[in-house]
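Listed next as structure tokens is one chain, alone, in the form predicted alone.
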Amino acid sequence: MMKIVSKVSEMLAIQKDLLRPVGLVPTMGALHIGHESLINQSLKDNNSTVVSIFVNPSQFNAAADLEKYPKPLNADLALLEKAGVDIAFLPDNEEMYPKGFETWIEAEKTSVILEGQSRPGHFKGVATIVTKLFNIVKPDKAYFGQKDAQQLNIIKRLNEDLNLFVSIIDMPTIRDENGLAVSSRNAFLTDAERDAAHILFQSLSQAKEMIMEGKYDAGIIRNRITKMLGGSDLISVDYVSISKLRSLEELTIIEKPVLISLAVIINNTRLIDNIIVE
């Protein structure tokens, strides 16, 4: 039977007796089939699986966004129980940010570009909480989705820079039948907005096809993506990026492996997506 743990002290005590290897799937809840793919892989790879649910306030730039973030805890716990997860770790704000908390972790370069430029402080919140979770749960492996490519890049960097010695397992983006990346934020979209959002993956796929055909001018490819996204009145483009996969340095001429990523706003709902060209 799955054990529910809410205290850091209890999780620290329990993790010592977990059957190794231990897998960790950090989440903010509102679990969907993308999370399920991470959980199922952890269950396959490890003898113990811990799934954390913590809606991290430091990842939100506006109180209204934090307030409206979906929190279907009972449904989430039922999903975890059915999957066969060993421990659901559900700390609250006071546990993760105790009185007097003032220490933060930040990737100096990669946290201030792309998503970091549009959402100042977001990745500082991500990096700090992920580091705390690694220290509390002490997993052998941790699972993250490729949809959040910049986040994944930063987590790999902090894991390496701070010698945390966790194996970071990145899993492919899960998509609906028309290519839209599965996200908790999709729940905020109307049917018409959801239909419009399918152009995100279509534009990324078109860009990948252009590169595979031998087109290496990143500017031309960026313009093609932007033009495709601009074809819908419902979509406002935040950025289109063509960068090196690890450093996220913007490219003028394509150098593989390349990360093509984008962010758009559809009726106040922010959506991101990306594709890798090896």
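None of the values given here were measured: they were computed from a predicted structure. When you see a residue number, it is the position in the sequence shown, counting from 1.
Beyond the structure shown, there is the form predicted in complex with pantoate (PAF), which is absent from this document and is the topic of what follows.
- When contacts are defined as a non-hydrogen atom within 4.5 Å, all of 26, 56 and 126 contact pantoate (PAF) in the predicted bound form.
- Out of the listed residues 137, 142, 130, 114, 130 is the one that sits within 4.5 Å of pantoate (PAF) in the predicted bound form by at least one heavy atom.
- Exactly one listed residue, out of 151, 110, 183, 173, brings a non-hydrogen atom to within 4.5 Å of pantoate (PAF) in the predicted bound form: 151.
- Only one segment in the set 232-240, 43-51, 56-64, 214-222 has residues whose heavy atoms sit within 4.5 Å of pantoate (PAF) in the predicted bound form; it is 56-64.
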